[in-house]
Structures are given as structure tokens and as C-alpha cells.
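Just the one chain here, laid out as C-alpha cells, in the form predicted on its own.
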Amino acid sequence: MEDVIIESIEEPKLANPILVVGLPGVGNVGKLAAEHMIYELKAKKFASIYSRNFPPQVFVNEDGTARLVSNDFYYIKAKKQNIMLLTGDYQGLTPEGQYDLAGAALDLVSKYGVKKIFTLGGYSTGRKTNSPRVFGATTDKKLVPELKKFGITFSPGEPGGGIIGASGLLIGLGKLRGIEGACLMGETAGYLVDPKSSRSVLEMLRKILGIDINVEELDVRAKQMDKVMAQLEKMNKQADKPSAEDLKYIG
């Protein structure tokens, strides 16, 4: 198998499309946001990427058929802004694989005239928050004041250590090709899927692109996740509480 194989389903005709990327990562913030956009805006799939840089497995569908893991491209034709979306099952397993996949993705979208990329991801703070901030990083200084107007936080030294994986690599390599890029990172505890953080990221993207996205489903999932978190916290407290047997050895 070749390092990367792109299978095209159709070749959409889009004027000045912007690429939005949401792949698996911290809190699955970006992937959940991208999948929500695909569902709510009825995006159409037009290409898939297969690679030996993904885990060696297939997924089994509900109808019993199997499929290779992949990353998939979708498109949305809109009045204000045409959009291409990239999401998928996994990121590359190795640094080399990350570069190969990012390069192949940029090769594809460049054919359609993409000049701006927004990657979506999570910024792990290790703690839960009810009102997740959205942090930003861009490859062009002039984008910073533009994005600040929408309420995106630019804080010196954050995220510490930079942006690892596809969210950073795609905008970094995109800059070498003359493509503007920005990464929007939702604040998240990072250890569970975080629909609340995905909602915050989508709200920012909605303002930036001038598109209408219904986020009610994310609100429902956020409430469900809050219940899961509350149950986990309760279990942890019970586990830390000394039993009567333990107390026999105290004092």
C-alpha cells in the first residue's frame, strides 16, 4: 500500500472555499465540532484519505460490512461562505505519518483554491469549566486583532509547548504554501469527550464565518456529560473515604 491514497467521490465546484479541520484530539473537541457541522449543515462527502500511517484495523458497520479507517473531506455550499471540512477516525501514528497526511490534505484542498484554514481542537487545562474559553493561534499577525474582536483569547505562552498534531501542522505547512491559518482551541479538562467546549468553538466559528449552526444537540450532550462527571466525582470521593476497617488502625 502507498503511504497515502486519496479516493475522490466527486469534484465540487466551489468559489473561494475555506477549510475547517476537526480531527480526534484532546477532549475530541475538534472532531465533535466538525461532525456537528457536517450533520447540521448537511455537508456532502467528496473524498477520503486512506493511509498505512493510520492504525492497522477496519471498523465494522451496523450492516455487517467492514471499512478501512480514514479521514474524510466534505463540502458545504453556502451563500456567505463555501466550506470544506476535514474530519476522520484517527490522526497519523508517527511524526512522519502526520507530515505525509497533512501534505496530502493540503495538496487536495489547494486544487480547489483554499486560501484560509481553521483547525479546531482542545486546550487541556486539567480542570472542568462551565464556560470554556476559546484560545487562538494564527500564522499571520493581522489575523490576531480580527479574531480578538469575536472574543477569542490570545494569551502569551498559551498553549504551553505549542500545538501538537494535525491542528498545528496543517496551518504551519499551509503557511509555506501561502495559505492563512488559525487554530481555535476550546478550553477543556481533556480526559473526557467535551461537547461543552465544542459548542464554544462552534459559536466562535459561527461568528467568524457568518453561518448559522444549531447547537441544541451539543447542549443535550453537554448535560449528559455533566451527569457522567458528577457520577465519577462521587465515586472518587467514596473511594477516598476511609472504611470502618481502615479506621480501626487509626489513633
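Don't overthink the numbering: it's just position in the shown sequence, from 1. None of these values were measured; they are calculated from a predicted model.
Missing here is the form predicted together with a further copy of the same chain; even so, the following discussion is about that form.
**Request:** Report whether all of Gln81, Gly113 and Phe135 sit within 4.5 Å of a further copy of the same chain in the predicted complex, measuring from non-hydrogen atoms.
**Result:** No: none of Gln81, Gly113 and Phe135 comes within 4.5 Å of a further copy of the same chain in the predicted complex.
**Request:** With a further copy of the same chain left out of view, choose which of Ile76, Leu108, Ile152, Leu173 has a non-hydrogen atom within 4.5 angstroms of it in the predicted complex.
**Result:** Contact with a further copy of the same chain in the predicted complex is made by Leu173 alone.
**Prompt:** Does Arg127 make contact with a further copy of the same chain in the predicted complex, using a 4.5 Å heavy atom cut-off?
**Reply:** Output for Arg127 is no: heavy atoms all beyond 4.5 Å of a further copy of the same chain.
**Request:** Using the partner position in the predicted complex, report whether Gln57 sits within 4.5 Å of a further copy of the same chain, counting heavy atoms only.
**Result:** Close contact exists here: in the predicted complex, Gln57 approaches a further copy of the same chain to within 4.5 Å, heavy atoms only.
**Distance check, Arg206 to a further copy of the same chain in the predicted complex, heavy atom within 4.5 Å** = Contact with a further copy of the same chain, no.
**Message:** in the predicted complex, does Ile179 come within 4.5 Å of a further copy of the same chain, counting heavy atoms only?
**Reply:** Contact check for Ile179: no, nothing within 4.5 Å of a further copy of the same chain in the predicted complex.
**Request:** Within 4.5 Å of a further copy of the same chain in the predicted complex, counting heavy atoms only, one of 22-30, 58-66, 37-45, 187-195 shows up; tell me which.
**Result:** Correct option: 58-66.
**Request:** Can you tell me which bits of 149-167 touch a further copy of the same chain in the predicted complex, meaning any heavy atom within 4.5 Å?
**Result:** Residues within 4.5 Å: Phe154, Pro156, Gly157, Glu158, Pro159, Gly161, Gly162, Ile163, Ile164, Gly165.
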